[in-house]
Each structure stands twice: as C-alpha cells, then as structure tokens.
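The chain that follows stands alone, in the form predicted on its own, written as structure tokens.
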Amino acid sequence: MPTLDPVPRSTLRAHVAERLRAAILAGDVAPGAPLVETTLSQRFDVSRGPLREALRQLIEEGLLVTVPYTGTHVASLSVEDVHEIYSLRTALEVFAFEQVWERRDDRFRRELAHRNVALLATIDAGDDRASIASELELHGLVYEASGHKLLQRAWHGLRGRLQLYWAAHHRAHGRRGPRRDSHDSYIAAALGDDLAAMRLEIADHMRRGVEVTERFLRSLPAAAGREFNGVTKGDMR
C-alpha cells in the first residue's frame, strides 16, 4: 500500500472555517454566541492548532470577535450595527465610484456584467451562501478597480459584518438569497454616464429592506450564554 501524505494543517483549518462560517450565516449559531475551543475541537475532531487558525481566519473576516478575559464570540448584529453598516457602506461605495468613474473601461464593464451573471446563477440555484459570496464579489469590483489601498482595507474589514447582515436580511424576507432584480438599477447606473444618479442609486440600494431587517433583528431572542454546539464530526466530510 502506498504511503499517504498527512492532511495539511491548512486543509483542516479551511474545513473548520468553512463549517463555522456556514453555521453562522445559516443562523444555526446566533450573533453574540460564545465559541468554546474544547467543544469545537471535540466536535470537529481536530487538534487545537488548526482550530485556532480557523478561528483567527474568521476573526479577520469579521465574523468572530475576541474580547479579553471573555473569549471568542460570533460578531453581534444589532439594529445599531445595521445603521452603521448602511451609513458606512453608502459613504465607501460612493467614494469608490468617484475614484473610478472616469476610468471605467470596457474591461470594468465586462467584469461587472460577468459578476452580475454569476450572482444571478446562484440566486436561480437557491444557494444562499453562494449568493452572499457572489454579491460581495459584485460590490467588491469598484473597490478593486479604485486602486485605493486604504479604501480596499476598509471594504475588507466590512465584509464579515455584511455577510451577517445579508444572511439576516434574507431570513427576514423568508428567501434564499436576494431578489433576482435587486441589482438591476445598480448595474444600469454603474454602466451609465451620470455620477449623480449613481450616488442616488447607491443610497437607495443600501436603504432597501433595512426597516424589515431591523424588525427581524428586534424579534430575535437574546443569544447570550448560548454556546455553539450545532456541528457534529460528520459535518467534516
């Protein structure tokens, strides 16, 4: 029998990070819930090393937070968070389009259309997690094209909270992903010639559905004290 190479630690980390990310975005583990390393290590059947690497990755993504003397928790998502996400995203995306507006070329337009097609495919497939990732890629293009490193860093730091927001937003509306036509006017404005119209569209795009999501968040029970225990070893397959 040939010798088999051991599974790389990075692969174990990726598996654990993916399972935790999926559970968080599905709402199986609530915002604010604490994560206990010993419990996770047993349920994933992995050592503490790859587990801690996975937790660090999700902390960098903004899905988890570490509080000194308290431990690691799923990032909270309050009504105030929704308002902050809305206001910051609006300012960032307007600024990003202002940076690239005169430099939008055929490559930018083709890539924007391509990412929209990819998003529509995930919506048609009813794949909520994939649609969240595709929506991030769609909105991320203008930040990538800006070449503005601090702006890109700010966008990267916001992505994790956006994933939590969008997952809650979809559950608030009782659907698996955004509406199919939710980006039609955004794409049209981004490909158009009126920067003022783009600014207005961004503000309107960010505002859509916020009140429904706020009501949904207010209806959630408190997550304090609920440890993450919804993953079994079989989920690692």
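A residue's number is simply how far along the shown sequence it sits, counting from 1. Take the two forms, find the largest set of C-alpha atoms that superpose within 1.5 Å, and that set is the rigid core. Predicted model only: the values in this text are computed from it and were never measured.
Heads up, the form predicted together with another copy of the chain isn't pictured, but that's what we're talking about next.
None of the heavy atoms of R179 is located within 4.5 Å of another copy of the chain in the predicted complex. Contact annotation for D81: at least one heavy atom lies within 4.5 Å of another copy of the chain in the predicted complex.
Interface membership of H148, defined by any non-hydrogen atom within 4.5 Å of another copy of the chain in the predicted complex, is confirmed.
When contacts are judged by a 4.5 Å heavy atom cut-off, H139 does not count as touching another copy of the chain in the predicted complex. In the predicted complex, no residue of the candidate spot (R19, A23 and S185) has a heavy atom lying within 4.5 Å of another copy of the chain. Note that among 26-34, 49-57, 187-195, 200-208, the stretch whose heavy atoms approach another copy of the chain to within 4.5 Å in the predicted complex is 49-57. Annotation for 67-93: interface residues with another copy of the chain in the predicted complex are P68, Y69, D81, E84, I85, S87, L88, A91, L92 [heavy atom within 4.5 Å]. Once both forms are fitted on their core, the CA shift for G126 between this form and the one not shown remains under 2 Å. Once the rigid core is overlaid between this form and the one not shown, N116 does not reach a Cα shift of 2 Å, moving by less than that. Positional change of G71 between this form and the one not shown reaches 2 Å or more at the C-alpha, relative to the superposed core.
Whereas the displayed form keeps them at a certain spacing, the CA atoms of V65 and E135 lie at least 3 angstroms farther apart in the predicted complex.
Note: the CA-CA distance for P50 and S131 expands in the predicted complex relative to this form, by 3 angstroms or more.
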